[in-house]
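In the block that follows, a single chain appears as structure tokens, in the form predicted alone.
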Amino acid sequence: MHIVCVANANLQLLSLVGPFCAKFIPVCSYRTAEPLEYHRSFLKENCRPDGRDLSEFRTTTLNIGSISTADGSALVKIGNTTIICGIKAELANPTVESPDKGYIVPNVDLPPLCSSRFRSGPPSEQAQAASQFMADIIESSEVIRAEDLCIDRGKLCWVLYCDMMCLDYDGNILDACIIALMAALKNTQLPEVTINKETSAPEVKLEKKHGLTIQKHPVGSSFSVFDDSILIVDPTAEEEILSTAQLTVVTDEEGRLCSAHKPGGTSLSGEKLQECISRATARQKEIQKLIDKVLHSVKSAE
């Protein structure tokens, strides 16, 4: 009876008798009442509530060719976070500013079905920021040469609409989105297109398809900072909320830093930043190996 009363009492009392509560109050109640203290009790032991080390990523799984109606697709799971990416290619006119280039249009959707934190209606601020982040990565890392998407200078080009939808949100969607996008691009097959000299109309040969030429293989690694000093990788949704800063580092297969995205929060020392870059470089190799392995399995099964 007293235990129940303590659990519902003023939260200041819980903070004073945290160790006592951890023993006698159900873990779920303690976690709900004092989430930060709950996580700190694990971080002091250099581990996390889900059993991972501070520098350990969750299990990453990948399925390629998930959407039969898309020109390329992939489904990625990092822990519980699940992202599916479908690519649809359409013919369009090149822009006046870049008559010899096609273009890629990424969009990240965070619907209510993936988490109670999102509502129906216009894209949330987080979804818009994620979409812009993906557009910046495509441009800065030079994944595909825009010239390769041009069919006839000034007249015809490919537009790749890359839609990434979150099916289950449990933190770290940026890493999952990049993996899903890269796998889907590698899975994309475009039909051969020629221009009829007499009518100037495009002729699409669906029986003749070719893949995209991928120039670079960027991979993202996200980090969260607790209490301005403790660095953890691949944060869950709960860890993101409780952290004092977040950082996503994107590197390619040459170890080149493509992007460093830090949406506010406390500053990071040069030493911490270098630690993040080193871990991101190792992560890039792991993920590229995973994508290549799954692609090889898909091709072998065809």
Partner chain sequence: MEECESINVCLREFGCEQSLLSRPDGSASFVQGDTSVMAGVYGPAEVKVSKEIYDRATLEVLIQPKVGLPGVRERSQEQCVRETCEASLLLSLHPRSSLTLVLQVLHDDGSLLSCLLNAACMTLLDAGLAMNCLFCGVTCAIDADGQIVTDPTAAQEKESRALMTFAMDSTDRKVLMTSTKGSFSVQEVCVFFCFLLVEVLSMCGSAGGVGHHKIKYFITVRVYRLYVFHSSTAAAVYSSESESIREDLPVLQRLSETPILQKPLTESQNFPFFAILVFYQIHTKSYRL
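Quick caveat: nothing in here was measured; it's all calculated off a predicted structure. Residue numbers count along the first chain shown, from 1.
Below: the form predicted together with its partner chain, not depicted.
Trainee: Only one of Ser55, Thr32, Thr266, Asn63 comes within 4.5 Å of its partner chain in the predicted complex by heavy atoms, so just point that one out.
Mentor: So the residue touching its partner chain in the predicted complex, by this definition, is Thr266.
Trainee: Considering Glu139, Asp227, Asp152, Glu147, which brings a non-hydrogen atom within 4.5 Å of its partner chain in the predicted complex?
Mentor: It is Glu139.
Trainee: Quick check on Ile195: any heavy atom within 4.5 Å of its partner chain in the predicted complex?
Mentor: Contact check for Ile195: no, nothing within 4.5 Å of its partner chain in the predicted complex.
Trainee: Please run the contact check for Val233 against its partner chain in the predicted complex: heavy atoms, 4.5 angstroms, yes or no?
Mentor: It does not: once its partner chain is placed as it appears in the predicted complex, Val233 has no heavy atom within 4.5 Å of it.
Trainee: Any of the heavy atoms of Arg256 lying within 4.5 Å of its partner chain in the predicted complex?
Mentor: Arg256 belongs to the contact set for its partner chain.
Trainee: Against its partner chain in the predicted complex, would His39 count as a contact residue? Criterion: heavy atoms within 4.5 Å.
Mentor: The answer is no: His39 has no heavy atom within 4.5 Å of its partner chain.
Trainee: Tell me whether Leu110, Ser120 and Ala237, taken together, all sit within 4.5 Å of its partner chain in the predicted complex, counting heavy atoms only.
Mentor: No: no residue has a heavy atom within 4.5 Å of the partner.
Trainee: Heavy atoms within 4.5 Å of its partner chain in the predicted complex is the criterion; list the residues of 266-292 that meet it.
Mentor: In sequence order, Thr266, Ser267, Leu268, Ser269, Gly270, Glu271, Leu273, Gln274, Ile277 come within 4.5 Å of the partner.
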